[in-house]
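One chain follows as C-alpha cells, the form predicted on its own.
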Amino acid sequence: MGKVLVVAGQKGGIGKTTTVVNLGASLAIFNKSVLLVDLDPQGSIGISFKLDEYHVKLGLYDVLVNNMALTNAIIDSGLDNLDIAPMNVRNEEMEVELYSKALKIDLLDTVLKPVRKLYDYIIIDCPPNLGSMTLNGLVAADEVLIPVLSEYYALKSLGKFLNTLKNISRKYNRKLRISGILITMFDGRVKKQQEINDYLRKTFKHIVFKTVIPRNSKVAEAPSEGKPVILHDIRSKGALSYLKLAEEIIEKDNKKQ
C-alpha cells in the first residue's frame, strides 16, 4: 500500500510544486514507483512537464467532477517509475465546479483508494490556501510535508498552519502525521535566513528535515525546460539536495517498517 504524501502550506511562493515534482523524480531515481497528483486548478504539475490544461484531454477535473476513474487521467511522465495525474481546469466556471465538488472532503481519498497499491508514493500538490481542495488532500494523506522559507512572515504562517493541521487531524483524519518541515530557497550567505534556520531547528527539532533546499538557478530553470531538475542538471546543488531529501524520506520510512 503506497504512502500518500501531501505537500501543503498556508501561503504561496514557498516551493510546493517545485518540491512535489523534484522529490517525486528523485524518489523515482531510487527505484520507487511514484504518482504525482495535482489538486491546484493552475495545473502547475502538468506545466512542469510542458503539459498545459489544453494538452491534457482527461485530467483531475474529470476525475473529481465527472466521476471518471483516476487511472484514465494518469500520464507517463517520460521518466521511469514516475507518473502524473495533471489538472485540466480551463476556465473560471470549471474551477467553481471543482471547488464545489471538493466540498465533499473525502472525495480524493475515495478516488485514490483503487491506485494506492500500484505506487510506493503518491505525492499531492495543493493550492496555496486552505480551501476545500487542500482539505481534500489532507484528509486523503498519511503524511504532510511543509515547505517553509527562512523569513519572518513564513514563521508566522507556519505556526497557524500547524495549529490548523492539529484541528484537521482531530476532526477528519486521525492518521495524519507530519512528514517534516522542509526549508526551501535557502541562502546561507544571508544572516537572517541562517538565524531563522537555526530557530526552526531549535524549536521543532526532529520535525525539520536535515536536508535544506538551496536557492538555485537550475531548479528555477527546470520548469521552463519541462523537466525535473535532475534531468536538467543532475550535478546542480538543487538536484543533489532533492536527491538527499528523497534518501532521507526513504530512510525514515524504512525505520518505521
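Just so you know, these numbers come straight off a predicted model, no measurement behind them. Start at 1 with the first residue shown and count on from there.
The form predicted in complex with a small molecule exists for this protein as well; it is not shown, and the discussion that follows is about that form.
Would I249 show up as a contact with the small molecule in the model of the complex if we use heavy atoms at 4.5 Å?
Residue-level check for I249: no, no contact with the small molecule.
Considering non-hydrogen atoms and a 4.5 Å limit, does the small molecule approach N216 in the model of the complex?
The answer is yes: N216 has a heavy atom within 4.5 Å of the small molecule.
Hey, in the model of the complex, is A220 touching the small molecule, heavy atoms inside 4.5 Å?
Within the cut-off, so yes.
I146, heavy atom within 4.5 angstroms of the small molecule in the model of the complex:
Although the small molecule is absent here, I146 would stay clear of it in the model of the complex, with no heavy atoms inside 4.5 Å.
Select, from the options 207 to 215, 56 to 64, 24 to 32, 192 to 200, the stretch whose residues sit within 4.5 angstroms of the small molecule in the model of the complex by heavy atom distance.
Partner-contacting stretch among the options: 207 to 215.
Looking at M133, V111, M185, L158, which has any heavy atom no more than 4.5 Å from the small molecule in the model of the complex?
Looking at M133, V111, M185, L158 one by one, just M185 meets the 4.5 Å heavy-atom criterion.
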